[in-house]
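Have a look below at one chain only, the form predicted alone, in structure tokens format.
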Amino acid sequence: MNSGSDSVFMGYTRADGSVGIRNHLLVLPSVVCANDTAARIALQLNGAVYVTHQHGCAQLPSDAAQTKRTLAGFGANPNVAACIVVGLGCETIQAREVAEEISKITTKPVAHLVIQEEGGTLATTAKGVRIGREMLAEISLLHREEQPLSKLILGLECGGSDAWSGLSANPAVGNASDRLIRAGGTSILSETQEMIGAEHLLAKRAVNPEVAERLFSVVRHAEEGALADGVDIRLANPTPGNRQGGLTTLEEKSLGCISKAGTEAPLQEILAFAEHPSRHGLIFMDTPGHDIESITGMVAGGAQVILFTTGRGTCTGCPIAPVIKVCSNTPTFERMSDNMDVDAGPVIAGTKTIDDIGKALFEEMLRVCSGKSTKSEDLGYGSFAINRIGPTQ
């Protein structure tokens, strides 16, 4: 990033026109049965990252489709420069199919390995390491270039919220999101269950009645789905941890959640879990409130960077996208300084305004997009979880 500039960042130009802010080689298992082999491959490749998950087989068709979309989206994310998909061979979601889906979205180097065809774990690992070394050599030649902010997709997340979250960190993130969208970028808000009681306020910003009704529909579906399982979300939330942090009602929590969407950007569209935005500006993705699943969905949808607010403190990171932690209060920021990146507590102390912290956060985000590491990256955190919508077969 040019010194003092808030209109560009330094990223990797991909052949499909997207821009990465990291240059990862991702080793991706298509099924739970391939987790260990994928890890063996990645751990022998300096610079590779990997994920593990519990899915890929014994799923209902709609659930399998969502898992496949999530895996392909993760592999296609612009922060991934090359990808190796590893499968077992007899699973529902085949490694070859995931690799093909990634190749439909992007032209990055993609390979797939099938353990049953390669002759077992050791043979698959040896081949994967050889392919991975060739990929790492190739992507090491890529370099950062100046990029417009219209190439950025930002994910908005909160977790371990407290009474200060909706007063300091969340509106500061909203301020940063407004700045990005004003510059042509895109922000994704998520966590459907944490919209309950405040969805009408966000719906007023929808670009048309269809988008507003779609928002009401996904929130209603989330609440009714829980009721069908005998759970009233309005009674289950705020969580015990939220209550210990001073949150009193679900509506109070929801008002804090939607403040991450800023105050001015129109709501452009509603996405299903792990779908890619078709428009620029403010987007909503239908995800659970579960932090890791929500982040996974947004990153699979193309988000390159995450702004994550917390008041109680959380350690979450993502394997392929930097997660910038924004703490709502200074005592937690200082107590968990190994995990927190930005302190929004001065808003509570009255020494800084929302606009002050929002501007500082926006500038920090551009530094991170240009290569600065976050605390979760320094610690090697890389949580990954796919939302499950049906029973195991």
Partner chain sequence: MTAPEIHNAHCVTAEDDVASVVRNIEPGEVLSINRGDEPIKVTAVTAIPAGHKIALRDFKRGENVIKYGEVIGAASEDIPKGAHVHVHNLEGLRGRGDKR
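Positions refer to the first chain, counted from 1. What you see is a predicted model, and the numbers here were worked out from it, not measured in a lab.
Below: the form predicted in complex with its partner chain, not depicted.
Asks: So which stretch, 90-98, 242-250, 267-275, 303-311, is the one near its partner chain in the predicted complex (non-hydrogen atoms, 4.5 Å)?
Replies: Residues of 242-250 come within 4.5 Å of the partner.
Asks: To verify the annotation, which of these, E293, E223, D178, D286, has a non-hydrogen atom within 4.5 Å of its partner chain in the predicted complex?
Replies: Result of the distance check: E223.
Asks: Which of these residues, C315, V211, A126, I233, gets a heavy atom within 4.5 Å of its partner chain in the predicted complex?
Replies: Residue within 4.5 Å of the partner: I233.
Asks: Judged by heavy atoms and a 4.5 Å cut-off, are I196, E199 and L255 together in contact with its partner chain in the predicted complex?
Replies: Yes, all three are in contact.
Asks: Is W164 close enough to its partner chain in the predicted complex to count, meaning some heavy atom within 4.5 Å?
Replies: Flag for W164 set to yes.
Asks: Evaluate L227 for contact with its partner chain in the predicted complex, applying a 4.5 angstroms cut-off between non-hydrogen atoms, and reply yes or no.
Replies: L227 belongs to the contact set for its partner chain.
Asks: Looking in the predicted complex, any heavy atom of A39 within 4.5 Å of its partner chain?
Replies: No - in the predicted complex, heavy atoms of A39 and its partner chain never come within 4.5 Å of each other.
Asks: Considering non-hydrogen atoms and a 4.5 Å limit, does its partner chain approach I348 in the predicted complex?
Replies: Because a heavy atom of I348 falls inside 4.5 Å of its partner chain in the predicted complex, the answer is yes.
Asks: What direction does the A236-F384 Cα distance move in the predicted complex compared with the shown chain, closer or farther, given a change of 3 Å or more?
Replies: Closer: A236 and F384 approach by 3 Å or more in the predicted complex.
Asks: Looking in the predicted complex, are the Cα atoms of L201 and L235 closer together or farther apart than here, the change being 3 Å or more?
Replies: Relative to the displayed form, L201 and L235 move farther apart in the predicted complex - a change of at least 3 Å between their C-alphas.
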